[in-house]
Structure formats: C-alpha cells, structure tokens
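There is one chain below, alone, in structure tokens, taken in the form predicted on its own.
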Amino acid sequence: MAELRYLLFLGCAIPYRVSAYEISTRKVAKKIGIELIEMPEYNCCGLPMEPISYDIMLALAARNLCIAEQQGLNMMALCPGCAGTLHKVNKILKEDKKLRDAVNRYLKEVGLEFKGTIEVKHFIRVLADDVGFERIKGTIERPLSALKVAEHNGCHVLRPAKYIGFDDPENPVMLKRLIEITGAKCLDYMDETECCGAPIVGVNEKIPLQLARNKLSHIRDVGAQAMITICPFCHMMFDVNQPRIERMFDEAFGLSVLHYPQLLGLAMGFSPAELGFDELRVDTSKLLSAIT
C-alpha cells in the first residue's frame, strides 16, 4: 500500500492531556498507509491568542507553516482548533499580499519566510479527501456491526465555512460516513451540531457543563452506546467531565466516549490496550463486551 506522508502537528493539549487520541491515530494511520513525520520545534497554533492579538496569532501560525514548508510536507492536525487556525491563516496569507508581507517582516527576525507552498488538513479530512473510503474499508477486519454510536464533530473542524470549505457545518456527513465504514451504526440525535461547552470553561462554571449534559442526554435518549469525538477539548468535556456532570445534575449517563481512531482501530483488529482505552475516564467494559 503506497504511503501518504504528512507532518504531524500535535498542538498543546493532546500530548499532555489526551494522549490516547495520538496513540490510536498513530496505530490506524500506519495500517492505512499514512506516514506521520514528527514536526520539529513547533509552537502553539495561535488560536488562543486571536482574541488578544490578531497579529500574534498570525505570526504564531505562520511560523508553524514555515516549518512545514522547510520540510516540504503538508500538515495533518488532530485538534480541530489547530487545524482550523493553521488552514485559515495559510489561506489568508496566500491570498493577501499586503498582510503576507507584514507577517514576513516578523518572520524575518527568526530567519523564516512564508511562501504558501503547503496545505493543512484535520485528520478526518485527510481520511475523506486523501485516503478515501474504499482504502479505509480495505483495512477493516472486525466490523463493529453490534454497535450503535453518535458522532460529535465539534465546531472548528467545519467552521468558519468560508475558510475551511469542508463538509456542511449545518448538516455534516463526513464523520458519519467514516463511522459507518467501521460497521457501527451512527444515530441521529437532537442538536447534533451544538457546541460541547469547552470554549467557556473558566468563564462560567455551570453553563458549559449544562451544554455537555444536554448533549449526553440527547445521545442517551436515542439509545447510543458511545459518543465518537474528533477534538481533544470536546472529548475532555464529555469523558473527563462526565462524572462531574453526573454529580452536578444528579443524573447517571455512563456513556463511553471514544476518539474516532479508537473506534476505527477496533474495527481494524487492534486491541483496546493498543488504542489507549485505559486512558478513558468513563468505563468502556460494557461497550467492549458488545463487540466480543
């Protein structure tokens, strides 16, 4: 199987707080034929700085893009916030010469120049656009036909649409199609496209947990056995914070929350241990018993 090569952008949160996402991605990527190249000396994508300084956000993102240009490789990110920011800045700087020249004046101080020679994609876009559904189907060894799950895309992987240009943010289908390749049934539920609440954690104590609780309730109501995520922060809201939500609202969910590559990895024949299942906070034993 011919390999696709990408520079892997891990961002800030994944290596330290959601390493199962990285572990499972590396496993499935290798089986599909994706070669992931380690990215040297990358910095934050810039997203956290955008409300504070737009110029600093541009410079941080542009530095990462320049590193990829030096390596001669397109970038693949696992975090939708990182992928969205880097993709957006890449597009803006390619199209706006005046702004590109201004950013390059910053970059010149560290010996870099943005040229606009690479592309940036989120992991699921790489799977959908570059790998293709048929190639992924060819790696499935254990279809998960006994499972009923629900997807959560999150916000940044599809928005803002004028920059991202992938799928329909109001009626997304790509993640559902990728889930169905595993053999699992992807269920529709109320308010699928609503935010997980993570962006306002730290600003307000109750509202983000209420938003997450609403999602968990809607997914439980349709009979899903698990939620499938593609964002580290969304995952933490639903998995890490689920016990807290249960205590706050005196309500039991016990809903397993998997990273998409964990679901795909199970269908490929990897064991839960190989996919980092031991790092998940919500117990998955009932879920796993349904497929064994």
Partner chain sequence: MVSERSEGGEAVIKATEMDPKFKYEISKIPGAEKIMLCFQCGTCTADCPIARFSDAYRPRRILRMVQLGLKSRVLSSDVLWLCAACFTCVDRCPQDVEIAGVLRTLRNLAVKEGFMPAVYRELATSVLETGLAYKIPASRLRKRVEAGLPPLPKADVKSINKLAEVTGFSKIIQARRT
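Positions refer to the first chain, counted from 1. From a predicted model like this one, the values you see are computed outputs, not experimental measurements.
There is another form of the same protein, the form predicted in complex with the partner chain; it is not shown, and what comes next is about it.
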- prompt: Does the trio K121, A128 and G254 actually contact the partner chain in the model of the complex, every residue with a heavy atom within 4.5 Å?
  reply: no
message: A59 versus the partner chain, in the model of the complex: is there a non-hydrogen atom within 4.5 Å?
response: yes
task: Answer with yes or no whether D55 is in contact with the partner chain in the model of the complex, where contact means some heavy atom within 4.5 Å.
output: yes
- prompt: Any of the heavy atoms of P15 lying within 4.5 Å of the partner chain in the model of the complex?
  reply: yes
query: Is C195 close to the partner chain in the model of the complex, meaning a heavy atom pair under 4.5 Å apart or at it?
result: yes
- prompt: Looking at 178-186, 113-121, 133-141, 203-211, which one sits within 4.5 Å of the partner chain in the model of the complex if you count heavy atoms only?
  reply: 203-211
- prompt: Using a 4.5 Å cut on heavy atoms, which of E109, D101, D221, E95 is close to the partner chain in the model of the complex?
  reply: E109
query: Which residues in 30-52 have a heavy atom within 4.5 Å of the partner chain in the model of the complex?
result: E38, M39, P40, E41, Y42, N43, C44, P48, M49, E50, P51, I52
